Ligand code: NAD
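To begin, one chain is listed below as structure tokens, in the form predicted alone.
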């Protein structure tokens, strides 16, 4: 039985003022594996005060000093990659495949921010004036459970590069991951108060971060619904916000694509992080003339290559949902798909045989889906793929853009130039062509209700800076 009874404030692991206890439940067995003591408003206020004090001096550090801190952080994270991967698998059921990728991406993200910081121009010229980009202040960071440490590293490495101090509220379902990550930042030797971690609930710790006048900016990753609540609360004190929100990503298979090669990759895009990913390609758009062929290939791929099971196994593609609530949400959407008249190609309701104790959902595909259906419009956050036929390229673009979201998209084609032309017409913050890829220097964020602002590289760094023009 594990006990998490400390938070990280002002450079120390301290006992929280909060007294509320929360059970840690394994998503694989639904058995209690530990408990955590949650922080409260006072803990959050203490963390903000520490960050505010630290900002006075950290904001004056040089580029070289910040690079040195990031290099030390990268070294520490690199040394603890196994711990970080294993705890992702254990705590929320992330598959070993996905968790290993996330851990490697953490290192890439730190390296990319170091490279960005080396060449970034904090002093620029506009017209006849000097423009200085200075750190925005204390940043409140609120993140979800589905890639907790990855989000922490991305946002905090950017905050450090900008010269900001930060208070982080991770998901209360990620406390074990947070513990290891806090240890990494502590070992990196950052000045006291620059980085603070407070475990707690959104309506307690998150709410205090949102309203606290000493927080200058909020960086949030999570649902569109919660993002709107944060944005409304932040406006009272004119906090800057970066919101990376939900998605319903289209994956367009063009008529010249090799289906035997592209459909297996498209399935993996849909089941990214067991479908619990905002960038998962959960709408598969295919030429209607090839629908039957796509159906046959997709069904065979799931039957033969998509293992639903223990996330520790290296060949598992779909692990459990994070908790019972998420499992029930996904099951409800499967029922909705059936009620709406979509054709169930494979999967469906109920737990896979032999996995009845955990929060496991069958790898599910609906085909002949109409884009107006709820399963095609709403973010399910589970291993449920909708195959949607289209008539021609114009129809594919129209369907892809017919959504309130605009975070991520995919295109597969034998003609890369054609794919680029299609990509330029998609309302999406990122478009992957002929595969699944990540670029730690390219901007990431959403159009429409998928968010505000961008992360990664120079675009992300600018979100943590305020321009000051000096004229004359």
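Positions refer to the first chain, counted from 1. Because the structure is predicted, anything quoted here is derived from the model rather than measured.
If you look for the form predicted together with nicotinamide-adenine-dinucleotide (NAD), you will not find it shown, but the lines that follow are about it.
- This chain lacks the partner; the member of 373, 101, 226, 397 within 4.5 angstroms of nicotinamide-adenine-dinucleotide (NAD) in the predicted complex by a non-hydrogen atom is 226.
- Out of the listed residues 172, 393, 83, 349, 172 is the one that sits within 4.5 Å of nicotinamide-adenine-dinucleotide (NAD) in the predicted complex by at least one heavy atom.
- In the predicted complex, residue 407 approaches nicotinamide-adenine-dinucleotide (NAD) with a heavy atom inside 4.5 Å.
- Although the partner is absent here, residue 207 is a contact residue: one of its heavy atoms lies within 4.5 angstroms of nicotinamide-adenine-dinucleotide (NAD) in the predicted complex.
- In the predicted complex, nicotinamide-adenine-dinucleotide (NAD) sits within 4.5 Å of a heavy atom belonging to residue 144.
- Proximity of residue 230 to nicotinamide-adenine-dinucleotide (NAD) in the predicted complex: non-hydrogen atoms within 4.5 Å are present.
- Considering nicotinamide-adenine-dinucleotide (NAD) in the predicted complex, the lone stretch of 162-170, 180-188, 305-313, 75-83 in range is 162-170 [heavy atom distance within 4.5 Å].
- For a residue to qualify, one of its non-hydrogen atoms must sit within 4.5 Å of nicotinamide-adenine-dinucleotide (NAD) in the predicted complex; all three of 221, 247 and 379 qualify.
- Shown here without nicotinamide-adenine-dinucleotide (NAD), the chain has no residue in 305-329 lying with a heavy atom within 4.5 Å of that partner in the predicted complex.
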